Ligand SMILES: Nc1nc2c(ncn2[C@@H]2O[C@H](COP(=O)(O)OP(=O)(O)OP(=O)(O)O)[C@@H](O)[C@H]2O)c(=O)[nH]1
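Before any questions on how it binds or moves, here is one chain, the form predicted on its own, in structure tokens.
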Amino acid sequence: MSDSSSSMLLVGVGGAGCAMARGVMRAFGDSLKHVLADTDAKTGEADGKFVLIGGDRLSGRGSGGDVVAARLAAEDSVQAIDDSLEGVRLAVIVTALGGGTGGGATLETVKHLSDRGIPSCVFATTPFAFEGETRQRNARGILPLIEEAASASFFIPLDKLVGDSDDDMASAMRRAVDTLASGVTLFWRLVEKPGYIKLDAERVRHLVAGAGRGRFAYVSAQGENRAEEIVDAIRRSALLGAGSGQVASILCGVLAGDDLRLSEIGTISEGLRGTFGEKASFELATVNDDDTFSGRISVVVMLFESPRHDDADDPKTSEPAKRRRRQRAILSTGPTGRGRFNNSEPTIWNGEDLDVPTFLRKNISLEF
């Protein structure tokens, strides 16, 4: 499918986000409708449609890890992506939180898209534990704001994305970028190059709009027992198991060659529903590409969690979770705890939104 005919747009935000977006573009194989945005002019030296954020404010030198500077820069120039928005019905944003531009500019990009009626699906990595408290705090501070603004969001810890590894830092980062890019590419293929069981862009748009926080992973296997291996890998996936709510819906994409058997689709489908909930709504789509996937099955899985208020009266819900909901209700804080500051610009200091009550930012439970 040509770049001009796609109703989906890939947006890379920040240096790491642009690197991940380029990984998707390499893996997809064809021209992909995309735009890359960063505060560092050097990011645009590689191929790709590039928008410099905050050129007048930061002079193309980057944000220096300052989330506030990046956010102000994005406010200045986010409209520069408008040339890429014609015909777009869904934006897929890839970014990294913890530094400056990813955290600051992603939120403004999501808000800008929302103002234009374009749902956004955000894939954002969060820092390695060893990167230090400052970067972790930056990510924690902006994460709930992105979650509130985006239609769907996937926050992916780099520690879990890479897993146990003794790689050097450069190799680990390349592997993290390649892994996430491969998963996003498979999602893209489901829509742009559907197989016998189709998932069109409008259906994806409907699924993503208002889906909220999700979990995301992809696995691949080959050989005689590949379907069973896929199910086992999904059950053991650290990315899919680290949720904070009940799974409301499942989106599963199966990518394989012409040797894909019906029994294998059944094994994967039953394994997913048995693991994450028989009552969850289930969407399945396939891509048949014998040149790329012959002898192999790759599966991309998206789990979307139930809204927190859905289980307010569920006796199985933990008492601490109920207390947190009562705290929010009593204080009228809303989904991010910003209360009467919800429609004003946040006061960001060291990556934290100071308008959010301290006990919510620190996840401290109060007794009532």
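The shown structure was predicted, so the numbers you read here are calculated from the model rather than taken from an experiment. Note that residue numbering begins at 1 and tracks the sequence as displayed.
The same protein also has a form predicted together with the ligand, omitted here; what follows describes it.
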Legend entry - Contacting member of R226, R189, R135, R213, with respect to the ligand in the predicted bound form [4.5 Å, heavy atom]: R135
Legend entry - Among the candidates C121, L272, A74, A96, the residue which, in the predicted bound form, approaches the ligand to within 4.5 Å (heavy atoms): A96
Legend entry - All of G12, L36 and L107 within 4.5 Å of the ligand in the predicted bound form, heavy atom check: no
Legend entry - Answer range among 217-225, 252-260, 98-106, 190-198 for contact with the ligand, defined in the predicted bound form as heavy atoms within 4.5 Å: 98-106
Inset, instruction - Tell me, yes or no, whether G64 is in contact with the ligand in the predicted bound form, where a contact means a heavy atom of each within 4.5 Å. - result: yes
Inset, instruction - Give a yes/no on whether A238 approaches the ligand to within 4.5 Å in the predicted bound form, heavy atoms considered. - result: no
Inset, instruction - Examine M173 and determine whether its closest non-hydrogen atom to the ligand in the predicted bound form is within 4.5 angstroms. - result: yes
Legend entry - is_contact(P127, the ligand) in the predicted bound form, heavy atom dist at most 4.5 Å: yes
